[in-house]
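Presented below, as structure tokens, is a lone chain in the form predicted on its own.
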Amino acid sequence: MTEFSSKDAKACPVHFDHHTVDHTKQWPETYRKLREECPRAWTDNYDGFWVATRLSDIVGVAQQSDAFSAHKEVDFENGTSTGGVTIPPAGTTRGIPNEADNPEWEGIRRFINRRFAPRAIEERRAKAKQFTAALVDMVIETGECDFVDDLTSALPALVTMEIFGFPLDEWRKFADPFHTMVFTPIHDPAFAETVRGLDYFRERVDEEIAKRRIEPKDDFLTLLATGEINGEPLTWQQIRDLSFNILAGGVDTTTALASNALIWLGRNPGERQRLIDDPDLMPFACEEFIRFYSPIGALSRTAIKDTEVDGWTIRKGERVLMAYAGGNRDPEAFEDPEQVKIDRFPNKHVGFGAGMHRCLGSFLARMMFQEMIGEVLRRLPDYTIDEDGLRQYPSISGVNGWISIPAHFTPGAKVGAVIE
């Protein structure tokens, strides 16, 4: 149980650990109490860090890129790292551009932006729609499925694989290790072995990059293999880090978003029917589920100089956890923040972050969400969730997701879609 103190030392000292099972079970209450009692809290866990839970403070930190760093420094020889966007820093892979500052960040984003711009993503909608229909075809005659295994994990992995140019039949070998790594607590002895499960991904990236340098194609792997950043070819490490970041971001966060939405819609059949009857509400519903469930609950920054955020003094070297999940339920920013309103507008959430590091894949995530939820509502409109079979991530420090969502529905007919 998270304990709170009213002492006014180091702003507000608390015992806070976002990697625990307790946090997974009670994160809305934890962040609500922090906002009310210690909105600028300090914990000594993981060498000490601030926890920001008010939307204005989160945005204030995120927008001061000259004062707060996302850069991750990796010591490959010792297998350690410092800085970055997670507390504590994890592994020796940098998630770039997420864990880069200017001028490095600007060069990387300029290099890849057009691949994830709205127009480029819209051109991929037809393929995503085809994949989604094919995935539903695989289960629709049986009357039952697991939404995670059969849809919400599969579709983002397939779309991301298609963007990269990897063989689509390898999607599970790529997605499963990322999926498991995200929900395995860092304290778990299995965490190190889980991370080693990503070796297959790294090997395949190296193999396919070598092929693209000989036979270029129109895909993201070719861009990595033959492109340049600021006039220089990408290094081996840049290719690996960029690939890791984009595949990890594409696979599990959208999975979590769609999974939480399907559970909520299953529990609220009236609102589900409203969305079926008025599909024009889908974009608003998407934003609301992003706000309410915050697939990425929190990311961090490190102060690179003494600075102030609206009167809050943060010293050089101190770390700040920007609790997006807390800010997205801030009553100062949202009316009835603890309620899902599928027609909420405006909806200025920070579910995709804020400032220059705002999520590169936000347009892709929205598109995939709309296709998955839309297909389920059209073809499996009466689904029910097997509540006893639900399995949540034991740790939501990385992504607020689900391992298993068993569901039942009236069997239907295939439409003949294929994955190719």
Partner chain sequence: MKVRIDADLCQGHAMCALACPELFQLSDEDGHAYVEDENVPPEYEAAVERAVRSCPEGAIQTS
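In this text, all values refer to a predicted model and were calculated from it rather than measured experimentally. Numbering follows the first chain given and starts at 1.
In what follows, reference is made to the form predicted together with the partner chain, a form of this protein that is not presented.
Among 168, 138, 276, 117, the residue placing a heavy atom within 4.5 Å of the partner chain in the model of the complex is 117.
Think of it this way: in the model of the complex, the partner chain has a heavy atom of just one of 385, 367, 377, 359 within 4.5 Å, and the residue is 359. The partner chain in the model of the complex is not approached by residue 172, whose heavy atoms all lie more than 4.5 angstroms from it. At the 4.5 Å threshold, heavy atoms of residue 363 reach the partner chain in the model of the complex. Although the partner is absent here, residue 26 lies well away from the partner chain in the model of the complex, with no heavy atom inside 4.5 Å.
Taking non-hydrogen atoms only, residue 39 never approaches the partner chain to within 4.5 angstroms in the model of the complex. Looking at 325-333, 218-226, 69-77, 105-113, the stretch with residues near the partner chain in the model of the complex, meaning non-hydrogen atoms within 4.5 angstroms, turns out to be 105-113. Contacts with the partner chain in the model of the complex, taken as any heavy atom within 4.5 Å, map within 31-62 to 59 alone.
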